[in-house]
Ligand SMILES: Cc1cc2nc3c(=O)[nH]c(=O)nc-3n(C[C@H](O)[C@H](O)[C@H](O)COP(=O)(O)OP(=O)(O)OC[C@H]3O[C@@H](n4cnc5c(N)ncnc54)[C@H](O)[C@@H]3O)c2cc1C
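Before any questions on how it binds or moves, here is one chain, the form predicted alone, in structure tokens.
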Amino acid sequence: MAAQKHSADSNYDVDVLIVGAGPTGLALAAQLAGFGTSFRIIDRSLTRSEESRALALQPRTLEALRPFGISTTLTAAGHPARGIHLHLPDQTLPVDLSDAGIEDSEFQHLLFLSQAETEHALAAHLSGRGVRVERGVELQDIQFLDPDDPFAGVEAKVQRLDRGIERIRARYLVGADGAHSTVRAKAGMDWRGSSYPGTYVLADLEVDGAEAEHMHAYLNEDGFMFLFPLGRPATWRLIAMKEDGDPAQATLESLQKTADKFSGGALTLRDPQWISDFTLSHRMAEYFQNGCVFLAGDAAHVHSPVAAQGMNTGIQDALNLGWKLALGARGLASEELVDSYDAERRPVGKAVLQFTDRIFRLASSRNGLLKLPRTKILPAVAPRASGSKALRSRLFRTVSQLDTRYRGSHMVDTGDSRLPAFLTTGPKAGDRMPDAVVLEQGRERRLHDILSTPGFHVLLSGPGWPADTQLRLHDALGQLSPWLSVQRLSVGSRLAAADPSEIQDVSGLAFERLGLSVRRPEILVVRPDGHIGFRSQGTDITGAVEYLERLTTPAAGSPAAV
């Protein structure tokens, strides 16, 4: 990866060293490549895994992967979740997921797709940019370059199969190396949590008797069995609980007995591509950062596979961190901005862990009292709840991670002129930027497409903006200017000519979803991770400039400021 191998700072061999080339590490590499940041990505495995461990992409993850040009490829290869059939002891309840009320995203369904294919798409994108994953390279140890300053960089000792020991000096080190993370252990970050009781089984195989294109959840007093329409490497992914005290390795024959127990003999299993026993844990690192060392994905948090949260949360960890490290490497990030990764993502990891833990215990407990919600309450309330579009939408927005936000972060702000939150509509500072179809230079595009280029995006809406506003913003922000895009957003007509820097909201949906008014000017700053960082009313740009300066000005005397 010659184009990204050397750091511009002679104190370092590379700006960022990524340990682990799963979906999290690859997504981080893709974002760093977009910013032109020097990095290396290493993995101890000689080949990329072809097993479909994670099996689904959430809408928010597909949005987050848009800048790499692979979301359309992934969508075409995957299978959207149209519905789920709840197989309860005395009834089967079909739940329609085709209309979940997610109008503000292009991606409106959970997408079933093998993790192997997600990794392949990310790796292909990196290969197209001249980036090579260095395989057969194992991290052995790390040392901080300055024992008195954990932010001064690290030296990583790695073992290469092809040429022995190598030492790599990096400004930042990111552990994306899974639940048994070497980075986490060597950086001294505590790993807290526990294992779930019992053993579970995964299998990719063919199933006769299950309606295609739907998820199937079998719940009874013995626990659960789930079927997911995977497509490749087999049509179905099966996840189930094993019998208590069963030490034998799962086989097709034992899986058939499990399927008979949950389906009453309605299913026939055949042609397994992969069968694996496994145990489950719910654990999280005490911190996601120790100086210049960061954790992301399974290295930072692991939980049960229910609701398809693991890989998706990891990818979004990476895309929250990548732009901060990229700007830090260029001397365009305050210490607070780089350090905000832990403050923003650890609460998200904790919430996901708690959410999945509650659902998993509901589905798996064999305790007489704890299994009552599954065996008695769910059959009673599910028919009515499944018929409520509002309830389905609220639940799906949570599961799809579209509602993940950073409102409490110091890296978001609201101008003094904006009305109190309870008097306004639309997303607040820290919320995800909603999507809509708009016109740019007479061409129909998604708003998220326009905002997908690396850097900050400033949108000026409403009337009264001076013609030189764009120039004044670029002049005021100096070195940040190459990573700053400024555009007008207006309600327009297909017949009206527009300035090349103007985005026309012909349908009015962008204004509606953002809570904007055609009579009131407003400024929005969208962060590189697609979250609104700042918004304020009026045509005064002072608040936006001060916000961006606060994020991107290194402290006096820091290495980046020198």
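The numbering used is simple: start at 1 and walk along the sequence shown. All figures in this text were calculated on a predicted structure; none of them were measured in a lab.
As for the form predicted in complex with this ligand, it is not shown, yet the points below apply to it.
By the criterion of a heavy atom within 4.5 Å, residue 56 is counted among the residues contacting this ligand in the model of the complex.
Interface membership of residue 404, defined by any non-hydrogen atom within 4.5 Å of this ligand in the model of the complex, is ruled out.
Interface membership of residue 78, defined by any non-hydrogen atom within 4.5 Å of this ligand in the model of the complex, is ruled out. Proximity of residue 45 to this ligand in the model of the complex: non-hydrogen atoms within 4.5 Å are present. Per the 4.5 Å heavy atom criterion, this ligand in the model of the complex is contacted by stretch 290 to 298, the sole one of 249 to 257, 464 to 472, 214 to 222, 290 to 298. Proximity to this ligand in the model of the complex, defined as a heavy atom within 4.5 Å, singles out one entry of 411, 327, 156, 137, which is 137. Out of the listed residues 235, 487, 115, 273, 115 is the one that sits within 4.5 Å of this ligand in the model of the complex by at least one heavy atom. Although this ligand is not shown here, in the model of the complex the stretch 303 to 341 places heavy atoms of 305, 308, 309, 310, 311, 312 within 4.5 Å of it, in sequence order.
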